[in-house]
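Single chain ahead, written as structure tokens, the form predicted alone.
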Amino acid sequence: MNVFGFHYRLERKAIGLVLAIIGVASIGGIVEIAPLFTIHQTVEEAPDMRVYTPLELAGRNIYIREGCYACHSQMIRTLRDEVERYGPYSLAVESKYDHPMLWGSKRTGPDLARLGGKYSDEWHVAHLNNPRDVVPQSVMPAYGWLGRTDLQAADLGAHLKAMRAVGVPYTDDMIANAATDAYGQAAPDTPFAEGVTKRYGEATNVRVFDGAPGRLTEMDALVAYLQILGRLTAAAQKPLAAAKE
């Protein structure tokens, strides 16, 4: 009763009650905000970190648009069973240029943080066209229309510019050539392909992702994105290498 009595007395003093609420709410705010002041000490260095190409960024937008993040996470925890199944645990720096981040916690399907390079482009196209053709027990819906839908690349420069506004280091040259670079990444036999490797590096995947040359589709974009997951930097491999030494 003493506790209730104290509360009743506090309710009669509006200013005191407001101050108490502010004090309690501030505790939660401090817990969330304080770590941000030392974030530069907790995020790993990754000198080899590269940005998404326009085609990969377009694929990421499609991935978000279709709600893929609702069934697939992109963060491997430090638990042994996760590392053994999916690969090296995820590092904060790997999401450095992800806006929004897609860590997730729901796994109707497997985690995709280390998916890049695990399967061929042909496998991904077959899987997206009809998942049960390659994974009989899959409950994933089919996305066959992506291969029949042309990618709208005209506004990719604006997308890159928006990403630069939140810290992604896209250059003016990258922004100006976003549409042609998106086409060039999926058209290796054209002069546009040279511009992609020049701006984004020789290690950039440049090939016909959907198996249908001469046409840039949403399937090209999504497969290009899936093939770069976990490969923007090799930082996650270093902890394992250090442990073995």
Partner chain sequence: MIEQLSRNERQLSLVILLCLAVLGLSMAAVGRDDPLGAHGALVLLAAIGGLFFVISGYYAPEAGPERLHSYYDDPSKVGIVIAMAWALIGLFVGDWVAWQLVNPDLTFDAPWSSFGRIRPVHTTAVIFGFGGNALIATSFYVMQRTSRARMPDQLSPWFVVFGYNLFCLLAVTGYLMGSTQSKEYAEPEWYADIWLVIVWVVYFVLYLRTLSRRSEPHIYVANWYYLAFILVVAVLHIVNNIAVPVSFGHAKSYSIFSGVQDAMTQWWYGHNAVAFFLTSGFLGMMYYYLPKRAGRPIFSYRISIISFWGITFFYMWAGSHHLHYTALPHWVQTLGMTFSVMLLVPSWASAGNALLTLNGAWHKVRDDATLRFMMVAAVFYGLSTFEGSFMAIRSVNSLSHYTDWTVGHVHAGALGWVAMITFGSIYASVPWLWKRPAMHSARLVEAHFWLALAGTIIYVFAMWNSGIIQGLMWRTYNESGTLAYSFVDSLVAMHPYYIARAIGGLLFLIGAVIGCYNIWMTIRTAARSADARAPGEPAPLYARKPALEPAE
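Everything quoted here is computed from the prediction, not taken from an experiment. Residue numbers count along the first chain shown, from 1.
In what follows, reference is made to the form predicted together with the partner chain, a form of this protein that is not presented.
Asker: Are all three residues 133, 191 and 194 in contact with the partner chain in the predicted bound form, where contact means a non-hydrogen atom within 4.5 Å?
Answerer: None of them does, since no heavy atom lies within 4.5 Å of the partner.
Asker: Quick one: which of 180-188, 207-215, 194-202, 64-72 gets within 4.5 Å of the partner chain in the predicted bound form, going by heavy atoms?
Answerer: Selected stretch: 64-72.
Asker: Heavy atom to heavy atom, is residue 107 within 4.5 Å of the partner chain in the predicted bound form?
Answerer: Yes, residue 107 sits close enough to the partner chain in the predicted bound form that at least one of its heavy atoms falls within 4.5 Å.
Asker: Residue 118 near the partner chain in the predicted bound form, any heavy atom under 4.5 Å?
Answerer: Residue 118 lies outside the contact set for the partner chain.
Asker: So in the predicted bound form, does residue 234 come within 4.5 Å of the partner chain, heavy atom to heavy atom?
Answerer: No, residue 234 is distant from the partner.
Asker: Are any of the heavy atoms in residue 153 no more than 4.5 Å from a heavy atom of the partner chain in the predicted bound form?
Answerer: No, residue 153 sits far enough from the partner chain in the predicted bound form that none of its heavy atoms falls within 4.5 Å.
Asker: Going by the partner chain in the predicted bound form, which residues of 162-181 come within 4.5 Å of it through any heavy atom?
Answerer: Going through 162-181 in order - heavy atoms within 4.5 Å of the partner chain in the predicted bound form - the hits are 162, 163, 165, 166.
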